[in-house]
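Starting off, we have a lone chain in the form predicted on its own, written out as C-alpha cells.
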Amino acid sequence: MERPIGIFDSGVGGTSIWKEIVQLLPMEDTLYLADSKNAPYGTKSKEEILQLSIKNTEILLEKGAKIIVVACNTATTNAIDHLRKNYQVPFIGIEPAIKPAALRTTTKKVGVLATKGTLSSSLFHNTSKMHAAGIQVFEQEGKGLVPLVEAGKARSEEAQFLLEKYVSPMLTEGIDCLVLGCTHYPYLLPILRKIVPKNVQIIDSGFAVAKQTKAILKSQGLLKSGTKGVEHVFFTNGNTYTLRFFVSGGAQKISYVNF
C-alpha cells in the first residue's frame, strides 16, 4: 500500500523511533508529527494527553497515514487504548522496556528513567506487575530532560548535572539495567554512557517498535508495493531547525512543514 506510516510525538524525541523504522523499512514513506508546542506531555493531565493524542491522530489520518506509531511513552500509556477503540487504522505503542530488562537483570534490580505521566499511568504499573515479579524496580522521573533535548542541549552541562542526579541513586542501589522510558532519552546516551558503568545495560524500545510496525504492516497487507521514490514529511508546530538537527537526510527526500 502506497500510503505512509504516521508517527507522532510531543516533539523531536520520537525521531529516535523514526530512525529505527526507516532503517528496518527503507522503502516506506513516513509522516512525522512533532507537537513541540505542547512538549513535554509528561507533566500534563491524562485528559490533556488524550486530547492532544486525538488531535495528532486526526491530523495524520487526514494526511493519509495507513498505520500510526505513537512514538511517545506518555501518550501510549495514557491514550492508546482510546485511540485503538475509536479509529480504524492499526496503532503501535511504545512503553518502557520492563520485560527485556527483567529478563536480562542478574542483580534483580532495574532502574526506569521516565516522565511523570508515564510512571503514574496504569499501563506502566500493569506492565511492571506482569513482567517484573521478583524484580526491584527503581522509578525516577526525568524532570527537565525533555525540554533540554527539545532545545538541542542534549549534551550540555545542565543535562549531565540532571542525569547524574537522577541515575546515581539507582546505581548505588545496584541496578544492572537502566530502562529509558521516554523517546527523547536516547539522545542523552553520549552523557549516560559516561555516567553508567559498562556492566549496566541501557535499554530502550526503538528497535522493538520498528519490528512490531513491520510485523503489523506485513500481517495486514499494508507494506508498500510500489517502487517509486521514498518520501519523508515532518510536520512541526515548533522550530523546523530543531527537527533538521535530529534528522539526517542522506539520499532521502525530506520535507519540513509547519502546522
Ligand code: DGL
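Residues carry their position along the shown sequence, with the first being 1. All of these numbers come straight from a predicted model, not from anything done at the bench.
Just so it is clear, the following notes concern the form predicted together with this ligand, a form of the same protein that is not shown.
**Student:** The chain here is shown without this ligand. Which stretch in 59-67, 222-230, 197-205, 33-41 comes within 4.5 angstroms of it in the model of the complex, by heavy atom distance?
**Tutor:** It is the stretch 33-41.
**Student:** Decide whether residue 146 counts as a contact residue for this ligand in the model of the complex under a heavy atom distance cut-off of 4.5 Å.
**Tutor:** Residue-level check for residue 146: yes, a contact with this ligand.
**Student:** So which residues in 124-143, when you check this ligand in the model of the complex, have a heavy atom no farther than 4.5 Å from it?
**Tutor:** Stretch hits: zero.
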